[in-house]
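What follows is one chain in structure tokens, specifically the form predicted alone.
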Amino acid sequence: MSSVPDAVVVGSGPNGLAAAFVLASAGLSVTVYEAAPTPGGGCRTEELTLPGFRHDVCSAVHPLAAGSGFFQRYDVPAHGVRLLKPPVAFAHPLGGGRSAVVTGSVEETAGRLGSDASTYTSLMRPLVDHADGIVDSVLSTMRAVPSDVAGAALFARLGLQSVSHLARRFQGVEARALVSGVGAHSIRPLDRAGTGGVALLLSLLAHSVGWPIVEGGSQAITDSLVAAVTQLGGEVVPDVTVRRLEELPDARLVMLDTSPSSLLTLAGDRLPSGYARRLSRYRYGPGVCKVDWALSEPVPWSSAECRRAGTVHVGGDSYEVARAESEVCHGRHPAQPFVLCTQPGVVDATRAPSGRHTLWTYCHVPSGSDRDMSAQIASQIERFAPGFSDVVLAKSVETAADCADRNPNYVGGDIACGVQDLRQTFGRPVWRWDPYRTPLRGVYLCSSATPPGPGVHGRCGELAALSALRHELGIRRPPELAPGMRRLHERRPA
């Protein structure tokens, strides 16, 4: 590689590495700088509790990776990454050993919802039938005509609703709990417009591609991307903190897998005042308190179905979940928080010593919180898994403040890198036709603060890289036909 690369990427999260891979595939020399000792950002795996217990640092379950056009073209299995699908995508325990569950089949899921079976089927079946087109339109720039106009229109009509509105379609506790639990991934009050879109997108992914867990840990995704970039002649350099753009080599392209706040710091007074002012108004959401657990045996859920689920949403009925999320967004720590649990041992025996298990949990908290919520999380799990405390060997706690210190993209502990309301869904990070291109020549933002937003899907990085190739190098053809990019097309599954 030459001493001055064609492109520099700051940040090695999934989007930064996706951008590096696309640029390297187009024949550019690329260097990726990462401040942390290991690449990956939130897509990493470490022994956080005890030796031999491997925990995902942030991202743990990957429906968006399974549905992402970037990762389908990249062909994850061909790069040695195994996505393991649990028999139950997600479950929501209720009192008395009951639970509501979502499996790969719409009809099987509906069949467990009693009188709400036909309502669930009529809601989800049309969406799942248009799953490919809907996912493609959601994981896009959101500035072009969708490939599946009918599917996109259907999703928009339903997804603009709130979770609370969607839940009112159902009569039973189980169906309402399912919608509320999956909708709480929006990290917003459940009565806000657009939260229904998060619930529906994640549910249709559960039915179409599943909610897979990566064998060995999410780090495998990062490792494969680093290896692919390196094989194409690129370089990933850890332990390098970039404080100003002036510190970077004089590359033709600079891709920033950073938050808007970091962009302001990196650019200093080089940004036009109007753009800088709008960027400073970018809004961040609540944080998370994450607790990882080393267990002597699986979580003793009262519901047998929860023991088969890769993901368990813990929070009681829909009213309890809505109340907890509302409290967080009003700056309070709920006594009974909504808890998101992932139990990789359901499908992946490599995460812990033989017979042992790991449990990944978090709850939402006010931005910047330094409160340890592990007692509240354990209490919520104990409600639906009596004896949970008896199987705990060790725990590791990361408060929202810790999260922000570890990863500067998670401002205040906001793992979504920005509020996911309607305004910031379509106007991330500011309202511009090309949201990736900054006013600085050759400088592009490629983080989840750009469309399509948070999640391990790589599309922010891919779309930003394609924008850079188009504007800086004049490559305007579709990516599968662009010089040096045919390998992306050839790796698409038949």
Ligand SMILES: Cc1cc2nc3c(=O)[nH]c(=O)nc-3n(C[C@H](O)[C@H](O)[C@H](O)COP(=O)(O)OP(=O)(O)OC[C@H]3O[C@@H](n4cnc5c(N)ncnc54)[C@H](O)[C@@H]3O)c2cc1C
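Each residue number is its position in the shown sequence, starting from 1. Keep in mind that this is a model prediction, so the values were computed, not measured.
We do not show the form predicted in complex with the named molecule, though everything after this point is about it.
With a 4.5 Å cutoff on heavy atoms, A464 does not count as touching the named molecule in the predicted complex; it lies far away. The named molecule in the predicted complex is approached by A60, whose closest heavy atom lies within 4.5 angstroms of it.
At the 4.5 Å threshold, heavy atoms of T258 reach the named molecule in the predicted complex. The shortest heavy atom separation between P451 and the named molecule in the predicted complex exceeds 4.5 Å. Annotated contacts: V288, Y362 and S447 all touch the named molecule in the predicted complex [non-hydrogen atom within 4.5 angstroms]. Only one of the listed residues (A227, A193, V240, A349) places a non-hydrogen atom within 4.5 angstroms of the named molecule in the predicted complex, and that residue is V240. Just one of V430, L50, L440, A35 comes within 4.5 Å of the named molecule in the predicted complex, counting any heavy atom, and that one is A35. Contact with the named molecule in the predicted complex, defined as any heavy atom within 4.5 Å, is confined among 126-134, 364-372, 112-120, 407-415 to 407-415.
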